[in-house]
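Quick heads-up: it's one chain on its own, the form predicted alone, in structure tokens.
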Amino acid sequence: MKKFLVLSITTLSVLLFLGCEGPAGVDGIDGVDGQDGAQGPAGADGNVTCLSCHNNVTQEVIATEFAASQHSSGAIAVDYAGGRSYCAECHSHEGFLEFALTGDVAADIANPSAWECSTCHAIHTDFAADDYAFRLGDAVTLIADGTTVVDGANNNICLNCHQSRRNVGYYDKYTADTTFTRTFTGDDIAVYQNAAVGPGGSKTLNGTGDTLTVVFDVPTTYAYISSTHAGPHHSAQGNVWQGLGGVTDGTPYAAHDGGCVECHMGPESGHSFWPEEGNCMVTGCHTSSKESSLDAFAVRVAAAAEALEGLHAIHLDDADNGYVYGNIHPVYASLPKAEFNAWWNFMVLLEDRSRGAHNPTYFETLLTSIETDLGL
């Protein structure tokens, strides 16, 4: 009986101990503070990165420069070819955006507009200091041959449009003797009265004098200029820079590996894209003007133009137009291969429109070939 009583009291004591909490004791004395740690390195200064570009002064300067550029001209970007599906990718804002996003312009554009800031610049991708948000920044496959790939870094956006659309093989492609018959009216009659028609060609003016029928004879030793828009297209700059586009190839202009951006968007030009001489001095390539060398090229190009006009491979609306970059048009013609090659190389240099600045070595190569083929 005593054992049971002792066990019950012990068990009860344990249960009471586990089920009840006594009052809190008095707080202890605070300990001594530890020593401060070493100071860390200073952080980067605070800044508003966006305002380095997106401020009133910078935006106004860029807008003023761009307004002076041909990229913003409605005459080039819109009035000429901006609405045609096969031209719009380079001649209108809407066409370029569609091409950049889909790789094609599916249909004609009813109301094309000139280029603007967002034509070239997309939404920023990472907001880094070098994030220019260019559209079409990848390497470019040249249209003329469909195989040559050029990676010009920031120049790639320019190369998408500033390149030849055709090469010499587009016209020099007949493997059998061929004839073509064309009719001309109006002012074209005077132009084609003296056309180069090939060894068996003919020209016949109808009885009323309002229609000229021309038969162009193209044996295999000849080549045929087949339209009044013949040539590489109005933008052979990228090809010439890379030493390409003529009847023979050359080498890229390594001295200007900075390309379009270096010369056309330097401190003297900005977004006007005009290649001011001051840009050349900044790059360190030139310490004085090279105008005399370019003028010497221009004199030789003018002589080639006159010789080709005599062969009736081109038509000069204005023979005295300074650097012969005015109203020069190819015409339908059947020419011996050497004369045709001279015409093609001339058109490449003409449509480059740099008077040799984009690649003087290649310019000299093609110009010498022209002079040899024409006996100048």
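C-alpha atoms forming the largest set that superposes within 1.5 Å between two forms make up the rigid core. Each residue number is its position in the shown sequence, starting from 1. On a predicted model such as this, the values are computed, not experimentally measured, just so you know.
Form predicted together with ligand HEC: not shown, discussed below.
Would you kindly say which of Phe180, Tyr132, Tyr174, Tyr170 lies with a heavy atom within 4.5 Å of ligand HEC in the predicted complex? In short, Tyr132.
Between Ala122, Ala100, Ala302, Leu205, only one gets a heavy atom within 4.5 angstroms of ligand HEC in the predicted complex; which residue is that? Of the listed residues, the single hit is Ala122.
Segment that reaches ligand HEC in the predicted complex - one of 159-167, 180-188, 213-221, 196-204, heavy atoms within 4.5 Å: Of the options, only 159-167 has residues within 4.5 Å of the partner.
4.5 Å heavy atom contact, Gly243 and ligand HEC in the predicted complex: Gly243: no contact with ligand HEC in the predicted complex.
Just checking whether Trp115 would be counted as a contact of ligand HEC in the predicted complex - the rule being heavy atoms within 4.5 angstroms. Output for Trp115 is yes: heavy atoms within 4.5 Å of ligand HEC.
Is there a heavy atom of Gly231 lying 4.5 Å or less from a heavy atom of ligand HEC in the predicted complex? No - in the predicted complex, heavy atoms of Gly231 and ligand HEC never come within 4.5 Å of each other.
Verify the contact flag for Gly250: yes if a non-hydrogen atom of it lies within 4.5 Å of a non-hydrogen atom of ligand HEC in the predicted complex, no if not. No, Gly250 is distant from the partner.
Cα of Ile123 displaced 2 Å or more between this form and the one not shown, core superposed? Superposed on the core, Ile123 moves its C-alpha 2 Å or more between this form and the one not shown.
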